[in-house]
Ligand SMILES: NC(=O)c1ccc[n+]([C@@H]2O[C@H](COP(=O)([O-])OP(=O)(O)OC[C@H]3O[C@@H](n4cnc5c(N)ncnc54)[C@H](O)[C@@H]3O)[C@@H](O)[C@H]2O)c1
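The form predicted on its own is given below as one chain in structure tokens.
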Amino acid sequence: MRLDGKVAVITGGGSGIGAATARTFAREGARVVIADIDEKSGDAVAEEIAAAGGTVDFRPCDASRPEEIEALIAFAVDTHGTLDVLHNNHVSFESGRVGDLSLDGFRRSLDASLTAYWYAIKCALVPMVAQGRGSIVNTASVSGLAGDYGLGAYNVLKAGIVNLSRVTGIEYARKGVRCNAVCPGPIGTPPIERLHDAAPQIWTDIREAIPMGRYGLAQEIANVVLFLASDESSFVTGSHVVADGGLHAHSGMPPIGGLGPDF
């Protein structure tokens, strides 16, 4: 098993990519600590993992509160004696055009996501540097590599996560701690599912913009996170892995001369 005996903290582990990663890590032998602001969903994922024979704890956590991040990392270390993997995965943001965002909403978007990622990393580095090993994986997005209409705060915080991963990776490379980001494209998680119900045409348009012609699965991103968390990626740090069905590879130009994705 690729994470046998390792201790992993996963924020936003109650649903979507975080839940898929928690299940995957547990199957690969990790002792998993799930954190989520939604206690009901976090408890449900933890109960599922425990029923399957995994070692898991759930900790309610509002990642926008530094003291709760501190308590989360301390709990993992105090309970399991170490911390080997941190997967920062939660997100909260205000949507809208750049000129329409509120000052408070923009600040909260950065605090709840980018600043919280940095602070979790800061806390996790203490035990990781002391033991001379560790892997940090941050959920960024293809939206951190390019812009989207109406998602300015999200674009900024995800771009910050990509570069936060780079600088952490290079600064701590000789301390045995690696840091990387995964950049998913549109994934079939609860927000996308709600979009399907509320605006089916937009849901279809996004799907059709993806060269593979489908949304990604949370498990497909969890597989990338597993690779980055495990020793299989031992020479990978300060990097980002794009997993988006080819979306970011496309220039955005419409098909020319009738040569589209279907033939």
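The first residue of the shown sequence is 1; numbering continues from there. Just so it is clear, the structure is predicted and the values come from calculations on it, not from any experiment.
There is another form of this protein, the form predicted together with the named molecule, and it is not shown here; the text below is about that form.
Could you spot which one of 73, 156, 91, 177 gets a heavy atom to within 4.5 Å of the named molecule in the predicted bound form? In short, 91.
Note which of 38, 47, 208, 231 lies within 4.5 Å of the named molecule in the predicted bound form, where distance is taken over heavy atoms; exactly one does. Looking at 38, 47, 208, 231 one by one, just 38 meets the 4.5 Å heavy-atom criterion.
Within 4.5 Å, heavy atoms only, one stretch in 166-174, 97-105, 83-91, 145-153 touches the named molecule in the predicted bound form. Which? Looking at the partner contacts, the answer comes out as 83-91.
Check whether residue 57 has any heavy atom within 4.5 Å of a heavy atom of the named molecule in the predicted bound form, and answer yes or no. No.
In the predicted bound form, residue 17 touching the named molecule (heavy atom, 4.5 Å): Contact with the named molecule, yes.
Would residue 64 count as a contact of the named molecule in the predicted bound form, using a 4.5 angstroms cut-off between non-hydrogen atoms? Because a heavy atom of residue 64 falls inside 4.5 Å of the named molecule in the predicted bound form, the answer is yes.
With the partner left out here, check for me: in the predicted bound form, does some heavy atom of residue 181 sit within 4.5 Å of the named molecule? Taking the distances in the predicted bound form, the answer for residue 181 is no, it never comes within 4.5 Å of the named molecule.
Just give me the residues of 122-156, first to last, that have a heavy atom within 4.5 Å of the named molecule in the predicted bound form. Result: 139, 140, 141, 154.
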